[in-house]
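The chain below stands alone, shown as structure tokens; this is the form predicted alone.
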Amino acid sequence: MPKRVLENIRAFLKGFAESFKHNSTEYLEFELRELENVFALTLMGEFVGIPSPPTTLVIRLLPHMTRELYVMQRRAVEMDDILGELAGMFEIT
């Protein structure tokens, strides 16, 4: 094979590998965010009716959860009420 063809193949494979690394990192970051949300919901689930761990455990872990609480608050503010929008479209009261 000519040298130029090998260089093109290497460049293509390098670009493919970089793209794969970028996508993999994005998936891992998304998974981390979701696991943090699940952890926070597990500890604070009492507010939405999910059985939660003992209160003493929650209180001991609370200082370590400041980031998760900010994330939960931001997600709650950003979420739309889909059922409310559907009820408004069909004028259900």
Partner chain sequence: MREFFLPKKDYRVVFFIGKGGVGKTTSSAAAAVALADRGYKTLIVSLDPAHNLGDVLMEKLSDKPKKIAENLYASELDMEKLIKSYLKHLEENLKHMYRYLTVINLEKYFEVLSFSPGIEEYATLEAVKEILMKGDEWDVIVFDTPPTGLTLRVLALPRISLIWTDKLIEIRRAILERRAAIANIHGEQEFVVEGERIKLPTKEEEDPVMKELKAYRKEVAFVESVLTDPDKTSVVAVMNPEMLPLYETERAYESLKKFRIPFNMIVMNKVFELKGKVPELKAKLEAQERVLREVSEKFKGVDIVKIPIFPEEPRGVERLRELGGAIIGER
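Under this definition, the rigid core comprises the largest set of C-alpha atoms superposing within 1.5 Å between the forms. Residue numbers count along the first chain shown, from 1. Just so it is clear, the model here is predicted, and its values are computed rather than measured.
What comes next is about the form predicted together with the partner chain, which is not displayed.
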Taking any heavy atom pair closer than or equal to 4.5 Å as contact, tell me whether Arg10 reaches the partner chain in the predicted complex. no
Can you tell me whether Phe16 touches the partner chain? I mean in the predicted complex, with a 4.5 angstroms heavy atom cut-off. no
Is Arg75 close enough to touch the partner chain in the predicted complex, meaning at least one heavy atom pair within 4.5 Å? no
Find out whether any non-hydrogen atom of Gly49 is located within 4.5 angstroms of the partner chain in the predicted complex, and reply yes or no. no
From first to last in sequence, which residues of 11-35 have any non-hydrogen atom within 4.5 angstroms of the partner chain in the predicted complex? Lys21, His22, Ser24, Thr25, Leu28, Glu29, Glu31, Leu32, Leu35
Aligning on the rigid core, do we see the C-alpha of Thr25 shift 2 angstroms or more between this form and the one not shown? no
